[in-house]
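Just the one chain here, the form predicted on its own, laid out as structure tokens.
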């Protein structure tokens, strides 16, 4: 039964993605129906809390792995995609947009379910094509350049990944993830490089801020909410294969948290702030692999809600927003999501950070505790935006999308009661209070950080440096 349900969950969105062209009047309802039904499968995996391997053929075939962590990532994909579709309901988008949206949804599911390097590669390449077509949907010169930049970096990184996969097969006669533990250091370095680039982690992910900040609002929500998580998900699987691999991945996580965290303090554009925050938050997701699923869910919900609200703001410039103010209802959505990312109870982000910090290694605890200040300082800039009563042209479907993500963020904060002990609540509030005080002291002070390392030619150089560093860590 579980095998049939898995195959249906994988195949149905692909089928719908191609068949919607035959139903030009009801395609949106069909997509909403499929996404709504898709919520049941990840909920079953989470509640059942068991693990299942599925091998569809043999060592050369498809290997899938299902557990509660998979369920959380699949649930994030369903909720974010559903909210994005609802958000776009009244925007007059063509059937092509919804077709690619469903294909993107299906390919992300495939990446989350994969447990061998070739199946994952196929899923991630389909994902890249669908993401590229959605990024370039407007067909203007800027969107085409951003899409080509994304596709080029992605394809180069996956070439390294493929070479690593071949080396894994040479050592184990299998493409299974488990073979990486018995593979030569160069295989480990090449595969980790491909995954960190695709997932937007540390310097390998410096393509991420410009891409996520430049694309349309719904695409920003999708890219930050779910797409980059498809790239980091195998890192969570690989961390369980051995202590050495786990240490490398945890170190990469710490570096990613600081690279993105330092930059968000000085961000002036709200979409760039959110994009840089994703660069940092991805580090938290892989910092504690055992509880990565819930953190991915809490981050995906909050970040998608924040990106979707930016599409309805009068400006992207924070200074202008501080002067003009925003719609009161939008302010509440942004406040709940920001507080969740800051780890304030009783929201999903608090539970996620509590679970994460319980699973940290001793050498991670202090640096990651200090790094929470970056998030607080950055999102305090959103909390101080004034709000006002005003009539705006925000459609009902936009409010439904905001409400879906916000309500689940609130409800998810109560699903693990063990997180609410006095010491855990106090531990979460102390860094928050410290961060707010630091934020007030930094008000009005500006530092212009360089962005030249995000240029395309420098991104390739960063890949080379990262590969050298990964090879050195794998070798040692």
Partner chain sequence: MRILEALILLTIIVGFLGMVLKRNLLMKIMSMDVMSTGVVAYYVLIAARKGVLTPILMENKQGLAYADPVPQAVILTAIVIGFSIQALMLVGAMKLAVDNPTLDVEEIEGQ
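Positions refer to the first chain, counted from 1. Computed from a prediction, not measured in an experiment: that's the story for all the values here.
One more form of this protein should be noted, the form predicted in complex with the partner chain, which is absent from this view; the next part is about it.
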ask   = So, in the model of the complex, is residue 460 in contact with the partner chain at a 4.5 angstroms heavy atom limit?
value = yes
query = Is there a heavy atom of residue 272 no more than 4.5 Å from a heavy atom of the partner chain in the model of the complex?
reply = no
key: Contact label in the model of the complex: residue 165 to the partner chain, heavy atom within 4.5 Å   = yes
key: Proximity of residue 456 to the partner chain in the model of the complex, heavy atoms at 4.5 Å   = yes
task = Determine which one of 121-129, 275-283, 339-347, 307-315 lies within 4.5 Å of the partner chain in the model of the complex, judging by heavy atom distances; exactly one does.
result = 121-129
ask   = Using a 4.5 Å cut on heavy atoms, which of 247, 148, 383, 394 is close to the partner chain in the model of the complex?
value = 148
note = In this chain shown alone, the residue from 258, 169, 98, 331 with a heavy atom within 4.5 Å of the partner chain in the model of the complex is 169
request  = Give a yes or no on whether every one of 152, 156 and 173 sits within 4.5 angstroms of the partner chain in the model of the complex by heavy atom.
outcome  = yes
